[in-house]
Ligand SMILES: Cc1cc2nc3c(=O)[nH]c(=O)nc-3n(C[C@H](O)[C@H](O)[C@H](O)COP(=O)(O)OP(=O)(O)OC[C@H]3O[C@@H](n4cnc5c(N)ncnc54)[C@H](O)[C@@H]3O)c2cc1C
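Below, in structure tokens: the form predicted alone, a single chain.
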């Protein structure tokens, strides 16, 4: 397991933003992860999980505790022809292409999602009309309070739009079993490539970002369209700006702080509430110490 102290977390953020972690640990297996968490609990030390660095706003003020980065837990296995088992740190774009190469369909949607399996299960990540709920047969989950490992099936996970029954404050996904369907390899690869190219055309991939900022308020209302119609593409706070390509993406123009990002999110919420009477809720999680009040952004109404 790799360990370091006073580590700049911006290196591991897709937005290239974040202060230092007092300690950073990168386990390579479930056993290493479980042993690390047991040790931290015995010592009453605070710890936090970080996946692939997308979908998580890391505070520029840093993290007072141990950050556990999951991206070295990448084991893949295919014990059955239509079953793919992936460790929590496996990245979705790689997994989608891996499945396509096996002639397995179901993960084509995931090629454009810059996250890891663990985070994708927790938030029921989705795109192109599909989501993790459609492919996850079960997930192996560690209850950090009891140390018990359980296998949660699809019904146990209670998937809903961008959420599941897993509590990221007390539970950690170790791996997931994905039930896929065989199909023509070339056709699966073609769809996967199309989805990847669509992402490049419609998202600001040339700029550091965390992926989609806000959840769609309903099935027929797109957060991006609401923001666009409200004029949010003109918004900028310091070096944080709303993308001119897609209004539901916040980009780092270079040297942005988490405070600037939060102020920008608040403005985006306020203008949509003013124009449409709807409160947008962030898709992102947060990590670290924030002096800005997060409650009104994550939970409140404008």
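Note that this is a predicted model, so its numbers are computed, not measured. Numbering follows the first chain given and starts at 1.
The same protein has a further form, the form predicted in complex with this ligand, not shown here; the description that follows concerns it.
Enquirer: Which residue, 222, 230, 138, 203, has a heavy atom that falls within 4.5 Å of this ligand in the predicted bound form?
Expert: For this set of options, the contacting one is 203.
Enquirer: Counting non-hydrogen atoms within 4.5 angstroms of this ligand in the predicted bound form, say which of 123, 104, 96, 86 makes the cut.
Expert: In short, 123.
Enquirer: If the criterion is a non-hydrogen atom within 4.5 angstroms, does every one of 55, 162 and 211 touch this ligand in the predicted bound form?
Expert: Yes, all three are in contact.
Enquirer: Given that the partner is absent here, does residue 285 sit within 4.5 Å of this ligand in the predicted bound form, heavy atoms only?
Expert: Taking the distances in the predicted bound form, the answer for residue 285 is yes, it comes within 4.5 Å of this ligand.
Enquirer: Would you check, heavy atoms only and a 4.5 Å threshold, whether residue 171 touches this ligand in the predicted bound form?
Expert: Heavy-atom contact with this ligand at 4.5 Å: present for residue 171.
Enquirer: Is residue 215 close enough to this ligand in the predicted bound form to count, meaning some heavy atom within 4.5 Å?
Expert: Flag for residue 215 set to no.
Enquirer: Contact with this ligand in the predicted bound form for residue 265, defined as at least one heavy atom pair within 4.5 Å: yes or no?
Expert: Judged by the heavy-atom cut-off of 4.5 Å, residue 265 is well away from this ligand in the predicted bound form.
Enquirer: Pick the stretch from 185 to 193, 109 to 117, 222 to 230, 149 to 157 whose residues have a heavy atom within 4.5 Å of this ligand in the predicted bound form.
Expert: Looking at the other structure, the answer is 109 to 117.
Enquirer: Is any part of 245 to 279 within 4.5 angstroms of this ligand in the predicted bound form by a non-hydrogen atom, and which residues would that be?
Expert: Going through 245 to 279 in order - heavy atoms within 4.5 Å of this ligand in the predicted bound form - there is one hit, 249.
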